[in-house]
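Given next, in structure tokens, is a single chain: the form predicted alone.
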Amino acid sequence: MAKVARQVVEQAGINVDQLLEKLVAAAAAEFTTYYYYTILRINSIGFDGEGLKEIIEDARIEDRNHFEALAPRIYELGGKLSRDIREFADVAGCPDAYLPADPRNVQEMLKVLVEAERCAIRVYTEICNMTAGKDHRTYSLALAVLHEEIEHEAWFSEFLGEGPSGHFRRETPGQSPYVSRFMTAMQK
């Protein structure tokens, strides 16, 4: 653990244990969303589903990247991830993104996807609000993830017919244009 990292965050007036709880919940949500998006992507079949597959894949890989970027910060602040995956999934900050009962209903699948992204936006906005001007590293990381989650929501809501998003697909799937600078293991 980086003792000074925790100390300066505490001195800035942040309850580090509360922040760690939020970061672990966010990491658990990213990890479980990666899992559920894998299932959703596999079940994106047919004419409509095929058009969605690439966007689900981008969001899926970027959610994995979010998990991998959050984990070091959790440990830097003296926290840890559960050694039990079931316990970890139970603390996820967002509901599970289950495959709809009728996986061929693309509209229902899109509703699952867009709601997962909207939950993530709320989670990272809360972390940003908590750390703004006080914990620069966590704030920068949460803001980077927030940028990507907003783009994911825009992609899925556009498919739902809620209007144009103004966002374009990534050059390569899972690029994580905002979070990649926090990824020590990410290949450039």
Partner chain sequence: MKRKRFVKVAEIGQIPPGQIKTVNLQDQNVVLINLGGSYFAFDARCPHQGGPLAEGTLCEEAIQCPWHHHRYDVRTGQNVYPKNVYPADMPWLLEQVGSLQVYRIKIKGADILLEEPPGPGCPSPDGEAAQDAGKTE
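Positions refer to the first chain, counted from 1. Remember, predicted model here, so these are calculated numbers, not experimental data.
The following text describes the form predicted in complex with the partner chain, which does not appear among the structures shown.
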At the 4.5 Å heavy atom threshold, is L146 in contact with the partner chain in the model of the complex? no
Using a 4.5 angstroms cut-off on non-hydrogen atoms, would A27 count as touching the partner chain in the model of the complex? no
Contact flag, I85 vs the partner chain in the model of the complex, heavy atom cut 4.5 Å: no
Decide whether I55 counts as a contact residue for the partner chain in the model of the complex under a heavy atom distance cut-off of 4.5 Å. no
Would you point out which of 37 to 45, 149 to 157, 56 to 64, 116 to 124 contains residues with a non-hydrogen atom within 4.5 Å of the partner chain in the model of the complex? 116 to 124
In the model of the complex, residues of 79 to 109 near the partner chain [heavy atom within 4.5 Å]: D90, V91, A92, G93, C94, P95, D96, Y98, L99, P100, A101
